[in-house]
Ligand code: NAI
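Starting off, we have a lone chain in the form predicted alone, written out as structure tokens.
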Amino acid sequence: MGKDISQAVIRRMPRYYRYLGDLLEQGVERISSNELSAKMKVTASQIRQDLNNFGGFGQQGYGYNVQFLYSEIGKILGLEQQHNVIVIGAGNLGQALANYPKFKKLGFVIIGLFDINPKLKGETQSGVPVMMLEGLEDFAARHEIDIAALTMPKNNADKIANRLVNLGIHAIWNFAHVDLDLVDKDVVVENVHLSDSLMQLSYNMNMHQNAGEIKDFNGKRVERL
């Protein structure tokens, strides 16, 4: 692409991909930036600016070919190839990831589940057996692993993450409630702190509920006359 793309733009690309996929299912063949804007609640100019970072893809007077744009955004997001994923931590969250069917449709195939709890050994999730973490190195030697998802408690997350890095895994999807301290700073990490998202929701809910209220200097609500 020849230039750095802002993270704000990158965060919007999966949303474009999702909406375009819905349009394809509805049989829509082409759409204008104004029509897409109305559906996504993003300004038409923002859509055009975002897509122009990658070449534009539209034709004046025609708009966007939905199938073509969907395919091109899929390429931008790296979805034209399969990504092998392992999950470290086979508890409730790890099992939920393993059983989520949309991942495989997008090309993210979970090929291994690991845990330290011997009671989980041999259990299967969507056909994938739970293995003990002690066998991680042997498994990595026999399989190509693109992404590791950490769904374990934060206490040992750094240690396990660096162990993964030493095995040549350079993309980590981190659900552990900690910011990882890695020896290799070139590793790609996507942090998913679920409680942070819930706290943001709580803040927005609180602001919405308190909109228009009058409070005194002690923060107590004052009834309107």
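Note that the structure is a prediction, hence the values are computed from the model and not measured. Start at 1 with the first residue shown and count on from there.
What follows is about the form predicted together with the named molecule, which we do not show.
K.L.:
Using a 4.5 Å cut on heavy atoms, which of P129, P153, G107, G135 is close to the named molecule in the predicted bound form?
P.N.:
The residue in contact is P153.
K.L.:
Which listed residue (R30, K39, H193, R48) meets the criterion of a heavy atom within 4.5 Å of the named molecule in the predicted bound form?
P.N.:
Exactly one residue meets the criterion: H193.
K.L.:
So in the predicted bound form, is the named molecule close enough to L180 to count as touching (4.5 Å, heavy atoms)?
P.N.:
No - in the predicted bound form, heavy atoms of L180 and the named molecule never come within 4.5 Å of each other.
K.L.:
Quick one: does N117 come within 4.5 Å of the named molecule in the predicted bound form, counting heavy atoms only?
P.N.:
Close contact exists here: in the predicted bound form, N117 approaches the named molecule to within 4.5 Å, heavy atoms only.
K.L.:
Answer yes if any heavy atom of Y70 is within 4.5 Å of a heavy atom of the named molecule in the predicted bound form; otherwise answer no.
P.N.:
Result no; Y70 lies far from the named molecule in the predicted bound form.
K.L.:
Classify V165 as contacting or not contacting the named molecule in the predicted bound form by the rule of any non-hydrogen atom within 4.5 angstroms, answering yes or no.
P.N.:
No, V165 stays farther than 4.5 Å from the named molecule in the predicted bound form.
K.L.:
Tell me which stretch of 121-129, 71-79, 135-143, 87-95 has a heavy atom within 4.5 angstroms of the named molecule in the predicted bound form.
P.N.:
Residues of 87-95 come within 4.5 Å of the partner.
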